[in-house]
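One chain is shown next in structure tokens, namely the form predicted on its own.
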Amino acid sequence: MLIIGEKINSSIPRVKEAIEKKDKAFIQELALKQVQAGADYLDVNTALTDEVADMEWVIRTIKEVTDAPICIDSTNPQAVKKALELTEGKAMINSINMETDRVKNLVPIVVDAGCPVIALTIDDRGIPQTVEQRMEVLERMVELLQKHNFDLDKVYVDPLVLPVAANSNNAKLFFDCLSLVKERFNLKTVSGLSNVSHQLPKRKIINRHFLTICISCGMDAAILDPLDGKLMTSVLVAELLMGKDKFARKYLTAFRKGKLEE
């Protein structure tokens, strides 16, 4: 599973403060810890600060200590363009959808860059309420990208999970979407974890089990906190049980390094 480290996000108060104060040491330590814990990409979001200027500062700061690929978490075309310049294409864009503004302003950037992209099943009507409606949005997205000869192997679909506190069927709906994305479009899938447990106690427990079921449904990537040892253990165990860890090599390596948490 591809792990996208979620921690360098301006919505987190301590991170926002570090960005505003240009605290290099804090950002660099957070980047290195995530990479060491298993992050394949580092998500960078500066939407709640001076987005374009701070996107540049954060990426330059990270690149001083690691060459880990960046997941550009922005809907601001100028911030995305600046990030792509700094990463020289070694990046993922989070995200595009079928809203008119994003089709107009972000899809051309994604097509030109040719890098991996997260695609959300949203259009101008918002988040669809049913599995079929989300597949219909995705079908239009696929047609649009194919029209521009974009490599669909670089698309990670996020069918969007909503809180189970609001509707007990929201997680089940998401799992069904994951399966249908594979069945109908043969595309990769991705999700963040925090929405599913919103407004419920002991959220980390819910997130861990949600992730395990997602992996059983074939999910390819997750935006998560790689510093959560129990969560990362869930990834290893789920992949082991799904036959994705040949001869339990990853699991045993983690055991020898003392990284497995019960």
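Residue indices: 1-based, along the sequence shown. What you see is a predicted model, and the numbers here were worked out from it, not measured in a lab.
Missing here is the form predicted in complex with a small molecule; even so, the following discussion is about that form.
The putative spot formed by Asn94, Leu120 and Ile223 is fully lined by the small molecule in the predicted complex; each residue has a non-hydrogen atom within 4.5 angstroms of it. The stretch from 186 to 194, 81 to 89, 140 to 148, 98 to 106 that comes within 4.5 Å of the small molecule in the predicted complex, counting heavy atoms only, is 186 to 194. Under a 4.5 angstroms non-hydrogen atom cutoff, the small molecule in the predicted complex lacks Lys230 among its neighbouring residues.
Of the heavy atoms in Lys204, some are within 4.5 Å of the small molecule in the predicted complex. When the small molecule is considered in the predicted complex, Leu252 lies well away from it, no heavy atom lying within 4.5 Å. When contacts are judged by a 4.5 Å heavy atom cut-off, Met242 does not count as touching the small molecule in the predicted complex.
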